[in-house]
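The chain below stands alone, shown as structure tokens; this is the form predicted on its own.
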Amino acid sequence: MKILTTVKKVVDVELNIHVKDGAIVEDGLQYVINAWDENGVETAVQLKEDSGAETTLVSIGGGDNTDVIRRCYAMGIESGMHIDDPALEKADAFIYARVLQKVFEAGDYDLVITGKQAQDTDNGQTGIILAEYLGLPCVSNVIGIEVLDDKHLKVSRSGDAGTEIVALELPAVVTVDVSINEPRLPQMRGLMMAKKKAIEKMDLTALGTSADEIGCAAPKSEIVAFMATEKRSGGRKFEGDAAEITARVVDLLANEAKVL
């Protein structure tokens, strides 16, 4: 089984992120592997260890993605590629899916594993759109994968009414939830060995496509501006008779907060 796993480099959401003039202030930001993608990497590595799968990683985006790709190497991914092109600066989920479609078609993969969503946009669409473009079955929100044979998986997903069990025929696409596993911490030896491994870097031309072909000129969605969330005001403390406090709180909820 040949597995393609996707990884996005995102801003560390544990940090204080500041917004100015509708844009994120870049100074002092740190970047990490998207949490859901890290679970996808762990899933691929476990399938390699348990079933002998071949694992390939792809990361799309401007800037230096070398650090996140090498961390995935240290976790156990065998090969990786970084696709960077100026035309992808304002790419949306549909454009990213077109790029991944080209990667999939060039590599003849059996299974694509993506994170359920990205920490920076919470979009959760790219993997599902990719499956549609490829005409492949897709299971989202996956929390467990069991290999039945070379062409069939038993997949567990978190559904609205509980856990759903899906029989899946390969090739296919799955998007994984963070509850599927606990990503391993790379060992020092793995980190050192990862520094020596090659990363295939390419632009759209090298991938065999163009900005026009994948729709860069007319993205279906765009980020217009970022807005900082409103700061919560301090709470109020009431003292006195319980009946009087209750009447006062109800009045405030009805007339000030307008929730009643």
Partner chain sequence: MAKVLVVAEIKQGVLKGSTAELLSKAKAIGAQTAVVAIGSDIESLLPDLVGAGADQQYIADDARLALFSAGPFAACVVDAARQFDADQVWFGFSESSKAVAPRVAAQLDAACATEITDVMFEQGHIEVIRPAITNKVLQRVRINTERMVAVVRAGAFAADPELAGSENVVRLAPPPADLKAVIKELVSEAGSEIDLADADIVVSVGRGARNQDGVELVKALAEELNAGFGASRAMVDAGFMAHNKQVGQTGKIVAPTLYMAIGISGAIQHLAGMNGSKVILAVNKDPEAPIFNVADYGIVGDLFEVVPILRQEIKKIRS
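Nothing here was measured: the structure is a model prediction, and the numbers come from that model. Under this definition, the rigid core comprises the largest set of C-alpha atoms superposing within 1.5 Å between the forms. Positions refer to the first chain, counted from 1.
The following text describes the form predicted in complex with its partner chain, which does not appear among the structures shown.
Exactly one listed residue, out of D212, D64, D50, E222, brings a non-hydrogen atom to within 4.5 Å of its partner chain in the predicted bound form: E222. Although the partner is absent from the chain shown here, E14, I245 and A254 each have a heavy atom within 4.5 Å of its partner chain in the predicted bound form. Within 4.5 Å of any heavy atom of its partner chain in the predicted bound form lies no heavy atom of Q101.
With a 4.5 Å cutoff on heavy atoms, A167 counts as touching its partner chain in the predicted bound form.
Its partner chain is not drawn, but in the predicted bound form it has a heavy atom within 4.5 Å of P137.
When its partner chain is considered in the predicted bound form, D122 lines it closely, a heavy atom lying within 4.5 Å.
Contacts between 225 to 247 and its partner chain, taken as any heavy atom within 4.5 Å in the predicted bound form, involve A225, F226, M227, A228, T229, R232, S233, G234, G235, R236, K237, F238, E239, A242, A243, I245, T246, A247.
Superposition of the core reveals a Cα shift of less than 2 Å for H18 between the shown form and the other one.
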